[in-house]
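This document starts with one chain, in the form predicted on its own, laid out as structure tokens.
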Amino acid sequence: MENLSDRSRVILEAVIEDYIRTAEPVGSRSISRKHTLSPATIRNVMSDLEEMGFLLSPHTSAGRIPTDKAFRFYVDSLLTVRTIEKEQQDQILSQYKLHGRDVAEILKETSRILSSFSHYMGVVVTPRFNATVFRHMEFVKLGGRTILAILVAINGVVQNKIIETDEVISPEELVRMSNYLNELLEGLTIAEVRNRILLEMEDEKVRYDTMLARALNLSAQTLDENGTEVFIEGQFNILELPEFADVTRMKDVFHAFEEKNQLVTLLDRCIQSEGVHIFIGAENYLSRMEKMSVITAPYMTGNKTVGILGVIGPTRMGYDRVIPIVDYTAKLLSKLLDAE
């Protein structure tokens, strides 16, 4: 991080905050009205900041706009993040109370809440089934050699699979198998469950116990690979922003959100970390989102991170206002999922 003089920091902050407010290039006279510095002094400092890569001069204007580098410096060194007010906390919580307790609906509602309160786009990446924590497994005999396997994660996500077995298994034995597996796999993530089953299958004891072997075989067949889903709300909020008024630019933005796999890859970069992450402009590595920023936070069940939520907006978004919304919503969602 480059060292800036106090005067340079003050002027850079003033340019950024003016640009956040207006979306227009900022001139020296606009800054001089708010600070006891002459326009000439401000122009000299702005010229130095441009040479350092913090400001950019559009061809059509004498004013300057902040670069991604400037916004990164602003977020890391200049920004004072607001504390989310109790009234706003209550408003966010009340939105959840309007809907049922279905996990998918809670996650969809979360994306709507983030969009509504930020005035940008809200995004929620659903838990990868592999990352969720095992609650229990149940086998239901459907007839003959057909069995319904039900796998339930601790966050309420359910995976069902119909299995055809090589031999007839009685309902009583299916209950014993379920009990054995539930005790063996308690507290593990689904990914850890897979590894534990493979290890158990190699155990000498299992080779001589038909029931254990059958149980592990059934559970292995139940555990299909499972992807993830992305809920996005508020795309049309972008239409009201001047930097996206150009039709070509607008199309690029909408195409970016159609490529959800790339968006998931971006958001997954912070799934192993705690707290809020901010990707500014080109930092998100998605060319169609080069003028956008993404603020994310993980949400959890128990002490395990299972998904990511966030807000997507222009690089000139109100970071001081949006960061606490994302942070609070992630913590609130974690509590709601733990209560399920």
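Treat the numbers as computed from the prediction; the structure is a model and nothing was measured. Start at 1 with the first residue shown and count on from there.
Here the subject shifts to the form predicted in complex with the DNA, a form of this protein not shown in this document.
Although the partner is absent here, Met300 sits far enough away that none of its heavy atoms falls within 4.5 Å of the DNA in the predicted complex. In the predicted complex, the DNA sits within 4.5 Å of a heavy atom belonging to Gly63. The shortest heavy atom separation between Arg43 and the DNA in the predicted complex is within 4.5 Å. Although the partner is absent from this view, Thr315 stays clear of the DNA in the predicted complex, with no non-hydrogen atom inside 4.5 angstroms.
The listed set Leu56, Ala282, Val276, Leu37 contains one residue whose heavy atoms approach the DNA in the predicted complex to within 4.5 Å, identified as Leu37.
The partner is absent here, but in the predicted complex a heavy atom of Ser28, alone among Thr67, Ser28, Thr296, Thr305, sits within 4.5 Å of the DNA.
Within 4.5 angstroms of the DNA in the predicted complex, the stretch 157 to 178 places no non-hydrogen atom at all.
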